[in-house]
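The chain below stands alone, shown as structure tokens; this is the form predicted on its own.
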Amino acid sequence: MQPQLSSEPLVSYKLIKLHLIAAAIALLLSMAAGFLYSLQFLGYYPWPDSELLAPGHIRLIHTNLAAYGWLVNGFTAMTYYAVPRLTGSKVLSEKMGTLIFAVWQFALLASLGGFLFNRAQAIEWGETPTGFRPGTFDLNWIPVDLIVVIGAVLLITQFMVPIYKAREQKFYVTLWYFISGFVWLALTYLMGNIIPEWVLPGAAGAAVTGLFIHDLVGLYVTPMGWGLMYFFVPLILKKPIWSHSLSVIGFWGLAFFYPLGGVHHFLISPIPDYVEYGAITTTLAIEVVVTTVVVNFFMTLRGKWSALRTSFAIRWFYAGAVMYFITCFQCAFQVTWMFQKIIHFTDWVVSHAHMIMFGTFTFWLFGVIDWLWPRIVRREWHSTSLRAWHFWLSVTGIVVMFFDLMIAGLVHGFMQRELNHWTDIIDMSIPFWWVRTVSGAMLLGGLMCGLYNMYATAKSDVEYVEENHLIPASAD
């Protein structure tokens, strides 16, 4: 089905704007924290003796604000735009939307406080405080996990109501991905934040934690990211996706193969070999599924290649798609035991994580913002030059960081295999860490260009005109 294009009574631009502003602030704080964290590797950390601002605390702010502050707020904003247009119905309640926004930002602030005052959980990406002492129900902080669950339930209700109202019509594939993302978010979050804490200690809990780490990306971030691509790219190009069949294959492949892949974070561990084999097999299978999705994206662009020149949003989308394929191709190798023996606990893993979370999903959200922000504030973009600086600093920075840390990780791994002294490995890594910090500064500089451009656009006197954003006929 084609998305409905009459927007006035359907879309709440107020809620979109609120979530995008919150997302932008969270990303700025997250990237600033990441930059500060990188300085400790170079001996230039500004607060070496502060317990409150210790590097470990700053790292938690970096990762969690990227995940829950930037990505969740960003995806929620674009869902407020896409779901009403695809269903023809408003979300359940704008007042509930304001409540959801407030609950989610309160959860973020409570999490930040918990990180700074040593109330975090010892679970990767699940550090949000339970509010209880480990393994007990003795309250020692705000129960953030419960607040997040409440917020997630409200969010699911907000969007599932218009989807339910449209149940008699054929659903466009974006809605398939959004529905699955909502359901999997709730299940995955509960799995990672409840089961290891109270039910499964030791290796069994580690296996579940591995599922949580990966499934949070694969079963929430991925379907929301694919869904926004399937919605916004055809909308901007003004042509349908190349193959609806491939989009359905991608959906069911994601649903079938992704849930078990997270254990590949714990290969060569006490977790039983058959579980590790299952994780390796399903991870290799999902790379085939990813290939079908990437092919579908690029075949949709066929005949509209000049849109890469005329549309910044399309540039963001397809730069992210290229980086997505690179990281998934890389993943097919790194989940094998042979590779894990070399790259586990090295900067290779950091390289991979940054490329997928920033180079792909953050790029895709930048593409949505580039196209949507002028429509929200009803003003033309303040500066095309700043848009270009944002794009090229981001692309250059993430590509340099990716290859720099990947090479550092390989050298580290082989030196470790040959039993080189640890201090020799550190000495080898320092030049790579300098490059990582410089490339991080490029990313931060690009983001500042983008954020200032958003602010100046909102304050501009030049009113938005839809015709100015159409791809000219000569672009075909």
Ligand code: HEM
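Note that the structure is a prediction, hence the values are computed from the model and not measured. All residue numbers refer to positions in the sequence shown, first residue = 1.
What follows is about the form predicted in complex with protoporphyrin IX containing FE (HEM), which we do not show.
You can rule out all but one of 183-191, 109-117, 123-131, 240-248: in the predicted complex, only 123-131 has residues with a heavy atom within 4.5 Å of protoporphyrin IX containing FE (HEM).
Note on the partner interface in the predicted complex: the residue among V290, V103, M406, V377 having a heavy atom within 4.5 angstroms of protoporphyrin IX containing FE (HEM) is V290. Proximity to protoporphyrin IX containing FE (HEM) in the predicted complex, taken as a non-hydrogen atom within 4.5 angstroms, holds for one residue of I213, V294, L260, V395, which is I213.
Candidate site formed by K14, V173 and V368: none of these residues places a non-hydrogen atom within 4.5 angstroms of protoporphyrin IX containing FE (HEM) in the predicted complex. Using a 4.5 angstroms threshold between heavy atoms, C328 counts as touching protoporphyrin IX containing FE (HEM) in the predicted complex.
Taking the partner from elsewhere, F35 is found to have a heavy atom lying within 4.5 Å of protoporphyrin IX containing FE (HEM) in the predicted complex.
The closest non-hydrogen atom of S311 lies beyond 4.5 Å of protoporphyrin IX containing FE (HEM) in the predicted complex.
In the predicted complex, at least one heavy atom of T222 sits within 4.5 Å of protoporphyrin IX containing FE (HEM).
Taking protoporphyrin IX containing FE (HEM) as positioned in the predicted complex, the residues of 339-365 that bring a heavy atom within 4.5 Å of it are, in sequence order, Q340, I343, H344, D347, V349, V350, H352, A353, H354, I356, M357, F358, F361, T362.
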